[in-house]
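We've got the same protein chain twice here, in two forms, each standing alone as structure tokens: structure 1 and structure 2.
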Structure 1
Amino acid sequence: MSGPRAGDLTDIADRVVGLAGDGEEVEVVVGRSRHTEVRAYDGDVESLSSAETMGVGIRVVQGDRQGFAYAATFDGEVLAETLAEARDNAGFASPDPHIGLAEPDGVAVPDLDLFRPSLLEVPTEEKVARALELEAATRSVDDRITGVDSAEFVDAMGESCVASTTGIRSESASTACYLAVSCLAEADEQTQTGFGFSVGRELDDLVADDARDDAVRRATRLLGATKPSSTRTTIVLDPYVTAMVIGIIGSTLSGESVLKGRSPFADRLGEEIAAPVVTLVDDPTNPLAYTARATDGEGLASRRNALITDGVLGTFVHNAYTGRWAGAASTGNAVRGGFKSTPGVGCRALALAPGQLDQPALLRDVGEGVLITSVIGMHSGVNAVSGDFSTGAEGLRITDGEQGAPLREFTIASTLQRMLRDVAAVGADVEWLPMSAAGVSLVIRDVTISGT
């Protein structure tokens, strides 16, 4: 990949779409990507992987039946065979009255500056050096750091085109990269771990010292941690933890979850489901988001969707299929794992509208409580159907408005519904992470802490 070349991808897509027969709808997704991951350990390269993929996925809709097939090549003869295979698959599919391709909805594709050609020119040796330097720097910054689990450099570059007989024709290209490190701190026969990130779209965006310092701070501040007494108290979620929580909340607002009765908010559209300070948006048009994209998985324009506004549930997210099923429209939330899959539906770049105070100011307002710095078993401990929330955690006691004694081996328990209603404040400290949700400090009242 030498740079954005979406034009040739569009030519391929147009040729396949042109082979559509009478009475059938055809969607073609053409993609090309490259991914590199370097992991350093103990002063050496533990693993190095670099892969380039390209291919075409073809969906055929015949009446109320859908077929899909893909090929990892741009060869014309193979693509004609793949189209024939998709047609055959449609003949064996179960009828579904909601099946159909996305259609243009008049929303303009945003002009997002997401592609950095310079990232394509970075030699592998430089990527390896960045990972090795991060590991060495993390080991040397504090005597209590006794090991580095891993130090990683990761980058990804991709471009795609979606075209269909229904009039969809869109292109997108993006780059992204990050540094990540996880380290061990030891003192008085106790070991704690910490992690840190630096995220960007090109090499010059990455600040290794930020990743290093965050990891060391997270690990060392938990040394000497004890198990707290069980109680109900105010908690403050660290930005990374908040990102994980709102990611789960976002999954409950997917049209598929709602239509299948697998969301605790399925029948609550237009109701107040959160405290008035909560505004949750899904905005893949924000270039600061790691997962920002100009179009969704069906080629519709990305757009900002306000899911919760001032505590009121405003919308669920849909792709063309769930929108048709719900009697609504797509919200530009088709997601797919590349050309090898059909589109699903989900949130793409979640973020809470920030408040006015940074974390230290929030802690001063809280006075007494617990700062939750990490959670264990989030996805197994949270039931996205019922909303039940119970997960292991580590953190720091909040005493007189300041970070206090470190705590470990306790559980925080509530429900997603109650946690949303009990949000007391949202921080101003937005953190963009290598995931589909941004982090921010979040104050939640009256949460059960189960320890001794």
Structure 2
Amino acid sequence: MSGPRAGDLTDIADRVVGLAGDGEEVEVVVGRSRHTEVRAYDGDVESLSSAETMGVGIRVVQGDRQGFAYAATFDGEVLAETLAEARDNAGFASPDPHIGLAEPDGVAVPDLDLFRPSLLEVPTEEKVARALELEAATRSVDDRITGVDSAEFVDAMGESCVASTTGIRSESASTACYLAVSCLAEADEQTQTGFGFSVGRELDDLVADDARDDAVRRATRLLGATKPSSTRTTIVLDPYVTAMVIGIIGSTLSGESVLKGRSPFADRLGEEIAAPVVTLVDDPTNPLAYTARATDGEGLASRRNALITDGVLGTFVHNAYTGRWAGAASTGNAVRGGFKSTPGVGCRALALAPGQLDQPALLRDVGEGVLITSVIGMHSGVNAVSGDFSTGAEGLRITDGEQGAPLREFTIASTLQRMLRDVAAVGADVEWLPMSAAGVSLVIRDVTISGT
């Protein structure tokens, strides 16, 4: 594909920043990514895609107003048009005294090993082979597996540069790849599905057997599932489910939600909002986190923020705008969905501090309850403003401290506020997942189960 090569992103950013007028602040984010996706199906390659995406987002601050425009190209003429469009857009924004770009704050940028050139050298044949092998392995491992509806290898390389008239100049690059598989299991005229994946920064990080085993285990362990009766009980969340739940809790702790009066925890700083076993940290400088990055979406150094310590709410997270508004400072939590958007604010790499026991030991302590192995519909049933929480679930009954009969088609419900206080234990089994929160087994008391 055409386009400049690595290193030229900074030149493009500098060029646009250089076009800033008097009394005008300009921020440019330039991004480029390449990815390959191989999908295997039925022993053959179903599709092979390769692509490069690039573009520029320009934020202009004139006085106390801000405008934004983006274009998915590096074409010089279009860049000039995009800047003009951003300037024009600024004229329609409401004046806001807190508006402004990030300024360098002296925090050292951590040195994280996120870019692995070896991934760029992997031949396409190797990627195809990995996807085909994963599909074949998943089909053959268990007689109850009747189909593999997708098996894929994906790799991606992303680079970006943020530069501004306020002195920000940050470059970053990272690589990532994964193997993922989804399979069908059938027995007694019932079908169940399961997925598994293995994620890494280079090819050697990937363990295909882990992806295969997780998918097969998830699909087969739910065979024969029935609907439970409605009750209140203790639940244990599988690590993957916990990651989704703490991701939502993290969203209630964003400075934007708090300042705009949309967080159930807005007035609770310094108070005990969770059980003492809960310590929640956002740390994108931890290279184990899939979302680790040296800098945030506005080019400030990433840093570790302890949000909840021993149950006590310690801080909210901020970008430059919400930091200024709160009379504090950015905590390095500007998040950006790429060059097409302005920076928002959010948690970047959440993790609960692990406890002492692995999942089997937690189940023994719980005795009777339900192990929640997957949730569906969390995006529609959870309200991060009111805290109301209700989601569809599947899982296994916990009987005499052991995994028991499979359960499906039920919901679990509580409120985020109550769930935090009802946490009885955090597992020792931290799993780093391809999302902005790490997984760990979590025991929560007194949750409503709705079934028959």
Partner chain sequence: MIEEAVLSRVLSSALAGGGELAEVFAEDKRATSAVLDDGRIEQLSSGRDRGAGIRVISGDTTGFAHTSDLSEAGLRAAAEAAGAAARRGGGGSNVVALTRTEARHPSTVEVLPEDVAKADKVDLLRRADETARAADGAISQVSARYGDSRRRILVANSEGLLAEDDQVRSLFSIGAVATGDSGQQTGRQSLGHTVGFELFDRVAVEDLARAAADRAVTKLVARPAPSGEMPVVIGAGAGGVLFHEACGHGLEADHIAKGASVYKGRLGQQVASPLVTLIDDGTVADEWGCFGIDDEGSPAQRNVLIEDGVLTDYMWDLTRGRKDGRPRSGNGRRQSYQHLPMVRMTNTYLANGSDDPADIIAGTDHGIYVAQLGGGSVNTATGDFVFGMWEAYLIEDGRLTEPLREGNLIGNGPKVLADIEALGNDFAMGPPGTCGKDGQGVPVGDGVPTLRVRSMTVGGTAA
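Just so we're on the same page, residue numbers count up from 1 along structure 1's sequence. In this text, rigid core is short for the largest set of C-alphas that superpose within 1.5 Å between two forms. Treat the numbers as computed from the prediction; the structure is a model and nothing was measured.
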- Note on the structure: Only one structure is the form predicted together with its partner chain, namely structure 2
- Task: Take the rigid core as the frame of reference and indicate whether the C-alpha of S341 shifts by 2 Å or more between structure 1 and structure 2.
- Result: yes
- With the core lined up, does the C-alpha of P406 move 2 Å or more between structure 1 and structure 2? no
- Under a superposition restricted to the rigid core, does S254 display a Cα displacement of 2 angstroms or more between structure 1 and structure 2? no
- What is the Cα shift of G18 between structure 1 and structure 2 once the core is superposed, in angstrom? 4.2
- Task: State the core-superposed CA shift for N89 between structure 1 and structure 2, in Å to one decimal.
- Result: 3.7
